[in-house]
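Listed next as structure tokens is one chain, alone, in the form predicted on its own.
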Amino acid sequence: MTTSALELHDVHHVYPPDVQALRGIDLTVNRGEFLAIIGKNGSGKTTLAKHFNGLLKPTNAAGRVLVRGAQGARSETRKLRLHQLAGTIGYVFQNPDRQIFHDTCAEELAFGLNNMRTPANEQEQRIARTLSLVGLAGCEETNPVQMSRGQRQRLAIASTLVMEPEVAVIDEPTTGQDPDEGRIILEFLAQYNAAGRTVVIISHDMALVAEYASRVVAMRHGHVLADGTPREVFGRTDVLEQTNIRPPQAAVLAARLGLTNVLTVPEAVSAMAASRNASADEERPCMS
């Protein structure tokens, strides 16, 4: 039976003086999903995500955002303060400097654990393990101001996920990362998701979305334009045209080679190998 982690009902959000950022969003995020929210700048992606943990609230009276905690009880974000939601919904900003404020990486990760009253011996283990998973092993005493933009982004992600929230929301997780670093982060998030938790990312990297997400929501002008698996959403040319989103490069290359139903690099490699083997079989002379 599918259980919802988040539910949004008729959510509107208007920024003063009259900027319609969200226009009647109805959306359910199920527990254990790996959801990617895509769309061009200004489509409402970040505004939507900030409703998940109560950073923003619906500006219409009828709008409701419901969060399901670890014990199964649903709560409305309007009735909760941010610190009451932090243990259930973790949020990582696109700009890591908006949430990093301690002098060492260990202190940064310990802040949330202290608020949760995590025992000191457990804190040390969780901090070391989480830093290692995001490629920052041994950086416990490093001052974040001495780190690169990409390293600080990974630190911000680690400082949220070390608390093990039921839902992790990450705005542009690969910002400032090279391709290898970006994959480290997505692999970490995939492991987090495989443990039964819900992961939501906002991303412009369609290749990683295609490879890692189990579900994609495409937005335009504050509306949900499409909602489905990566293969379903990227297969809709009308959606891609309206959102100015290009499908993953592997899919584009495969299409030029006449290969269909390809989204990721591994799929492209397999399809090309199968095509090459089929061609070889056709050219092989008959044995007499």
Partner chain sequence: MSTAPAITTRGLTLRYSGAERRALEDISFDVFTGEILGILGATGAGKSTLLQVLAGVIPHHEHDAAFRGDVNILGRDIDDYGSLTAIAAEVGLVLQDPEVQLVNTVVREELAWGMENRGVPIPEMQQRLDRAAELFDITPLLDRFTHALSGGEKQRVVVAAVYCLSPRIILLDEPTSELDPAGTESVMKAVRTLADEGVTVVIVDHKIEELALYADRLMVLDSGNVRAVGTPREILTRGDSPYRPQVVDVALELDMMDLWPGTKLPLGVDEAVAIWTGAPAPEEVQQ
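Note that the structure is predicted; figures quoted are calculated from it, not measured. The term rigid core refers to the most C-alpha atoms you can superpose between the two forms while keeping them within 1.5 Å. Positions refer to the first chain, counted from 1.
There is another form of the same protein, the form predicted in complex with its partner chain; it is not shown, and what comes next is about it.
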Three residues, Glu181, Asn244 and Arg276; all within 4.5 Å of its partner chain in the model of the complex via heavy atoms? yes
* Asked: Is Ser148 one of the residues lying within 4.5 Å of its partner chain in the model of the complex, judged by heavy atom distances?
  -> yes
Item to check | 4.5 Å heavy atom contact, Arg126 and its partner chain in the model of the complex | outcome: no
Q: Using the partner position in the model of the complex, report whether Val14 sits within 4.5 Å of its partner chain, counting heavy atoms only.
A: no
Partner contact for Glu172 in the model of the complex: its partner chain, 4.5 angstroms, heavy atom: yes
Within 4.5 Å of its partner chain in the model of the complex, heavy atom basis, the matching stretch of 255-263, 26-34, 57-65, 225-233 is 255-263
Answer key, its partner chain contact in the model of the complex at 4.5 Å (heavy atoms) among Thr118, Asn193, Ser75, Gln94: the residue is Gln94
Restricting to 32-54, the residues within 4.5 Å of its partner chain in the model of the complex through any heavy atom are Gly39, Lys40, Asn41, Gly42
Rigid core superposition, Val14 Cα moves 2 angstroms or more between this form and the one not shown
no
